[in-house]
Structure formats: structure tokens, C-alpha cells
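Take a look at this single chain, the form predicted on its own, given in C-alpha cells.
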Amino acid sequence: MSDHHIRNVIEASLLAAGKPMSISEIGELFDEDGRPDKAQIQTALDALGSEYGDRGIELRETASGWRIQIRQSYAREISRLWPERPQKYSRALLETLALIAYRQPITRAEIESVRGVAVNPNIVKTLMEREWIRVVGHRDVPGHPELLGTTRSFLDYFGLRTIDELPPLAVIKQMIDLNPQLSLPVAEAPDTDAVVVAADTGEDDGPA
């Protein structure tokens, strides 16, 4: 099997899948008697990444595997494909998500202590329905409150391999505001700068 064929199968599968694919999942697409090994698949992925070097799409590794996505520098133009799409997430939700992401594991009481207001149950519900957060344990204090943390789906959405690649809050907000629902997700620019989440100053803390 030629390297060209392997590369084309990988490219086509990543475009068709609409989700990240691991090297093992990619390998399963090939016939068993001609299946490339992991090193060959990685070489093909590297070649694809190089081919996309100056194009509007890029190859990106996330927590769940590899995907082809729109470059962040073209996100604003691409978002105009949905001119009537309303902004879906509130500032309160973004601040809650940022606190969970950067200070996990964290309880609702700890979130409330930082933000200065009660956590609206609808916000936590929305984040869980979006599969961005989950209960990761319980704090060993009276009442055993739930500890919240982010999920692999959260990392995949923001194009991250690990939690250490978290971008600043401004990038998270930009990504959620644009949020083009494509099989070619928009990338983010990873940045390890610390994020500062201001205490609530009276903004709408209602349902997300």
C-alpha cells in the first residue's frame, strides 16, 4: 500500500468522521491484510499537517485523537455562514466554566465564593448537557459536596490535548461566540497565560 493511498484514506476519514479519531481508530479503517502500522499512520498524519501549512484548514491533535479543522485566523469570516445564529452562552456561564477549568476539582460553594453570587443550577445543567463538565468526586467535608471538573469533550471542543494547554478566558469566549457547527471545527490558539475571573458585578445570572 502506497504512502499516498494511506494519506488520502486518513484525510477522507477525518473529513467524514466529524469528530477526532485516534491512530487506532484510523488503523481499523484499512483491510487487515494491508493495514499500516502506527508509525506509518503517524508519518501520514505528519505529511498531511505539512500540506495544510498555508491553507485555511489544519490538522490538530486533541484529547480524543486527530481532526481536520478551520484555522482560527479564518473563524470570523466562516462564522458569517450563520448570520442569524444568536449568542448562546452568558457571561455567568463563561465565568463558571473558566473557574471549573482552571481550578478543578472545585465545588459549587467554591465557585460561589469567587464569583460572589450563587451558582445558577441551569448553568451547571447546561455545562453538563454540553458534556463539558462532570462530577469527578466529592470533597471530604461535611455534606460531601460534589467536585466538578472538565471532560474530554471539553478538551476536544477547544482543540486541546491536555488540560495544561488551556487558553485564556478571552479565547474560550471567542470560540463559544463564533461556534460554527462544522465537521471542520474551528481551532483555538493554545496559551498557558493565567486567566482572571472577575467577581460578579450584577450581570444577568439567569438561565444560560
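Values in this document were obtained by computation on a predicted structure and should not be read as measured data. Residues carry their position along the shown sequence, with the first being 1.
The form predicted together with a further copy of the same chain exists for this protein as well; it is not shown, and the discussion that follows is about that form.
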Task: Interface membership of residue 78, a further copy of the same chain in the predicted bound form, 4.5 Å heavy atom rule - done: yes
Open item on the list: When the contact criterion is heavy atoms within 4.5 Å, does residue 38 count as touching a further copy of the same chain in the predicted bound form?
Closed with: no
- [ ] Verify the contact flag for residue 21: yes if a non-hydrogen atom of it lies within 4.5 Å of a non-hydrogen atom of a further copy of the same chain in the predicted bound form, no if not.
- [x] yes
- [ ] Verify the contact flag for residue 70: yes if a non-hydrogen atom of it lies within 4.5 Å of a non-hydrogen atom of a further copy of the same chain in the predicted bound form, no if not.
- [x] yes
Task: Residues in 8 to 30 with any heavy atom within 4.5 Å of a further copy of the same chain in the predicted bound form - done: 8, 9, 11, 12, 13, 15, 16, 17, 21, 28, 29, 30
